[in-house]
Structures are given as structure tokens and as C-alpha cells.
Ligand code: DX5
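A single chain comes next, written as C-alpha cells; it is the form predicted alone.
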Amino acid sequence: MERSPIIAPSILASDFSRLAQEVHAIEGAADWVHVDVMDNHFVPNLTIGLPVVQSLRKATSIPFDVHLMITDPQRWAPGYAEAGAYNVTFHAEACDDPVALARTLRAAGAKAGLAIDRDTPVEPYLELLPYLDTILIMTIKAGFGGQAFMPEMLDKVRDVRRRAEVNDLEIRIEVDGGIAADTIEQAAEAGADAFVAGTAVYGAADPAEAIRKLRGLAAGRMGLA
């Protein structure tokens, strides 16, 4: 797999009153749209759910990267795949059988991702990498946007990258939390190749240009510029 950087702006940082327009603002620049689904149970915040994703899916052709911060993902995750999500990521802390759910998502037509929260060690999940398309390392505590990047979380990224290279695995290593122009190079150097950026994109005067800048910084550190 060509490890070109993926930039996935998070609509959590966008204006929810005009979601379609906010997604249109990044068309032609973003690789994925990152959709944070929070249920006020797994995390103490409540965002959007399946009906909004179904509606928004009709408004753009950008692939959807759905991040489920919810309890009981076995019940709800397949619906997002069926709604046309490109990648559906669920949390290790919320799922008893990640491999089974990954297979279900793939059967439903989506890529399967596993998220590892701030306080969860990654080592117990390294054996599952062959069954996944994406592993998402949280570089903050899941649940709220706008938190400060935690560079110590990059040790998990390094561990995953080493295992992926040793076993010649085709897996995206995604980072989420505090990714901006001053942090994306650290994450890329550690081995990440997919980057969720919220405020860094939607807080910019020109979101599309902000994406291009982030991609350039990541590509440079990945040796691709």
C-alpha cells in the first residue's frame, strides 16, 4: 500500500447548522471526512448519529471516515457501513469481539477500524492488526474536540508501525486529537499516515488551503515530498 498521507477533517469542529456547506468547503482537498459519533454513554458528549450521516452522505462524494465513540458498536456499526461509510472505526474498550465486528463491517462494504483511547495500552491489540484496515490511536482523551495533542501517545503509533512492517501488513495508522501544523510532523515521523484534523481545518480562514498545508507537512516527514 502506498503510504501517501490521508487528511481527514473532523466535522466536529465545523458549524453544525450548515454541515453540507462545511463539507463542500473541503471537497477537492480532503481525502476523507471524519465523522465523530458520540452517544453520551461511552463518552460524556452527544453529537450526531446515523440519520445525519445518511443525509450528509447524499451531499458529497468524499469518503466518510466514521469514528464511533459509542457503547454496543456491534449493534450500531453495521448501519454506518450500509449507509455508505468508507471506513467505520469502533473502540476496543467498547467491543468484546473486535475481529467478529471487523468481519461484519467488511461484509457490509466498509473498511474496518479499531480505535485505542488515551488510557488503553495498544499491545493487547497488536495481534488483531491482520484483521483490520485501520487502527486509530487517540492522541487525546476521546469525547471532546479542541484538546491539546499528547506526544507521549505516539509510542503507540511506533509500536503499531513496527508490527505492521515486520508482518508486511496493509493497514492505515490514524491519529486523532490535536493534529495541526505544529504536531502533524511528529505524528508522521512516528509512523502515522492518516490524520484527523478539526480546528486546524475548520478554524482556518481557508479550510482547503489548511488541508493542503497539513498534507505537505506530513508528506515531507514521510519522505514523499
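In this text, all values refer to a predicted model and were calculated from it rather than measured experimentally. Quick note: we count residues from 1 along the sequence shown, nothing fancier.
Just so you know, the form predicted in complex with this ligand exists too; it's not on screen, but the next bit is about it.
Using the site C-alpha superposition to carry this ligand over in the predicted bound form, what's the verdict for this chain: open, or blocked with 3+ ligand atoms inside 2.4 Å of backbone or C-beta?
This form leaves the site open.
Among Gly143, Gly109, Pro78, Pro151, which has any heavy atom within 4.5 Å of this ligand in the predicted bound form?
By the 4.5 Å heavy-atom cutoff, the listed residue in contact is Gly143.
Considering this ligand in the predicted bound form, which of Ile135, Ala85, Leu105, Met138 comes within 4.5 Å of it through any heavy atom?
Here the answer is residue option Met138.
Taking heavy atoms and a 4.5 Å cut-off, does Gly178 contact this ligand in the predicted bound form?
So Gly178 counts as contacting this ligand.
Indicate whether this ligand has at least one heavy atom within 4.5 Å of a heavy atom of Gly191 in the predicted bound form.
So Gly191 does not count as contacting this ligand.
Quick one: does Met38 come within 4.5 Å of this ligand in the predicted bound form, counting heavy atoms only?
Met38 belongs to the contact set for this ligand.
May I ask you to check whether Gln147 falls inside a 4.5 Å heavy atom distance of this ligand in the predicted bound form?
Taking the distances in the predicted bound form, the answer for Gln147 is yes, it comes within 4.5 Å of this ligand.
Within 4.5 Å, heavy atoms only, one stretch in 170 to 178, 53 to 61, 152 to 160, 25 to 33 touches this ligand in the predicted bound form. Which?
Of the options, only 170 to 178 has residues within 4.5 Å of the partner.
Between this ligand and Ile7, Ala187 and Ala210, in the predicted bound form, does every residue show a non-hydrogen atom at 4.5 Å or closer?
Checking in the predicted bound form: none of Ile7, Ala187 and Ala210 is within 4.5 Å of this ligand.
Looking at this ligand in the predicted bound form, which residues in 49 to 86 have at least one heavy atom within 4.5 Å of it?
Contacts from 49 to 86: His67, Met69.
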